[in-house]
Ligand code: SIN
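In the form predicted alone, a lone chain appears below as structure tokens.
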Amino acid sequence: METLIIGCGIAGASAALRLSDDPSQHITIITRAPDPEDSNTSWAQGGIVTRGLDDNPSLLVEDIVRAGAGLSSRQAAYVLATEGPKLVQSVLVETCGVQFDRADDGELVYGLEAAHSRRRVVHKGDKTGAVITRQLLLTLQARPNITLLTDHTAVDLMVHDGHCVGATVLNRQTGEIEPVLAHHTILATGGVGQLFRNTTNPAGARGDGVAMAMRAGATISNAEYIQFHPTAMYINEHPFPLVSEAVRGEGAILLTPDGRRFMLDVDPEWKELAPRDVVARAIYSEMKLNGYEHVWLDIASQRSPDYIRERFPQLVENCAKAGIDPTCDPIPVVPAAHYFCGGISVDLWGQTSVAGLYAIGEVSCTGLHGANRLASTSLLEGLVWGDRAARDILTRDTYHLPRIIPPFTSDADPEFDIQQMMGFLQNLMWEHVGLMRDETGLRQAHQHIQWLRKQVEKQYRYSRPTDALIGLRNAAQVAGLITDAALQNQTSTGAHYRTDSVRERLHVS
């Protein structure tokens, strides 16, 4: 049986790993990146949620629901809380050999992050995602029934008699579009951060999977809930380097340029460890109200230099590139688009509304995250639903595959500046569909996006597709989806904040 997996972060790799246990399965993984380690997973710093020493599944479920502003699916949260820790041990530690940080006595070290009531985040310094990705890919390389294709961009899903039978794929080396037939197709393409001017996401996070699923007729849910990470490093680099939530978990405080610790007024109980949407809006409000370019994140006054260097090597490395020493200097930070809490609607096994099509990880919407994701649950969600989708596929009957002929495309070159168009879209989304929204701005964005989509579709119809043009087409379509969802939902909840509909607006005194 053939399975096509689009994307090779923790979700796609976990699905491939489980499927490959059955020698009768053949799995093809494609990624648009030249380097398979270039994914959202690799960029994850803080860690992955498991079960802490004084922890239990019920406590994690409650933390997920509270962080999600009450909109999280308790059923999905329970699946994550009960299955996740076992998979961290069996898949990541035992099968893939991931060595998380341990204390001198050999016990795991658990980190604390925002909105968690317990220390339950295991990590490898602040390079957890990169270590997990590397070990997963090394494990996959040893499986003879897995083929990994880099530099391949999925163009569109192929649907025959209501069943997804694979995808058309652009080989970026040859420029040719090729059909990849599969009995089952798994979308694991990550998020949408590149739709916004300020983001922590890599170049591939432009909504490709969501757009392809929409065109194939799949249902999309909760598209208005875009999580903005409170602390991206404000330097002349795009995307902005993430400053992990774990830094605040280990005591770092947020300060205005004049030295005021403003989170004491915003949330006296949780302070810097309030849910991400609260902290991000507090920072954004300080910047808007007072004309600040950024605020400061100070770990130097809270922890020793040796501790900072040992616990946060990625932070030290990123700061050094910008001439900052976090062991003695505060770090300039701003909010940035970070995670898509909505996505392609799936059931508890990752199945979409289209037969034969699965979606896992950030591209999917299990309902787990509600209106705002709890820190460090993203890697665990990818692991759990990657494994679940694979297990579900292994129970399915074989679907007879048709003969598919790839679509004809002309040899014309794009006539407009794709990078300029993408920049226009990113600025539009940041200004009008960002941390704080209102009807006037959203309607302006809607009109501009409709115009942009028409221009892109015209160009796409008469041009030979390139990765950049495919990405712009997908980004414009998903931007329209997010904007329309934000317009329709006039109730501020979690990461979706409408300044024209809330009774109490966020003002920082």
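In case it trips you up, residue 1 is the first one in the sequence shown, and so on. What you see is a predicted model, and the numbers here were worked out from it, not measured in a lab.
Just so it is clear, the following notes concern the form predicted together with succinic acid (SIN), a form of the same protein that is not shown.
Practice task
May I ask whether T185, D387 and A390 all come within 4.5 angstroms of succinic acid (SIN) in the predicted complex, judged by heavy atoms?
Solution key: No, the whole trio is out of contact, none within 4.5 Å by any heavy atom.
Problem - Partner-facing stretch of 260 to 268, 314 to 322, 244 to 252, 353 to 361, counted where any non-hydrogen atom is within 4.5 angstroms of succinic acid (SIN) in the predicted complex - result: Heavy atoms within 4.5 Å of succinic acid (SIN) in the predicted complex occur in 244 to 252.
Problem - Distance check, S378 to succinic acid (SIN) in the predicted complex, heavy atom within 4.5 Å - result: Because a heavy atom of S378 falls inside 4.5 Å of succinic acid (SIN) in the predicted complex, the answer is yes.
Practice task
Answer for H338 alone: is it within 4.5 Å of succinic acid (SIN) in the predicted complex, judged on heavy atom distances?
Solution key: Yes, H338 sits close enough to succinic acid (SIN) in the predicted complex that at least one of its heavy atoms falls within 4.5 Å.
Problem - R206: touches succinic acid (SIN) in the predicted complex, heavy atom cutoff 4.5 angstroms - result: Output for R206 is no: heavy atoms all beyond 4.5 Å of succinic acid (SIN).
Handout entry: is_contact(G46, succinic acid (SIN)) in the predicted complex, heavy atom dist at most 4.5 Å
Key = Contact check for G46: yes, within 4.5 Å of succinic acid (SIN) in the predicted complex.
Problem - Heavy atom within 4.5 Å of succinic acid (SIN) in the predicted complex - residue from E286, E113, E272, E224 - result: Only one listed residue qualifies here, and that residue is E113.
Practice task
Would you give me the residues of 51 to 90 that have any heavy atom within 4.5 Å of succinic acid (SIN) in the predicted complex, in order from first to last?
Solution key: Going through 51 to 90 in order - heavy atoms within 4.5 Å of succinic acid (SIN) in the predicted complex - there are no hits.
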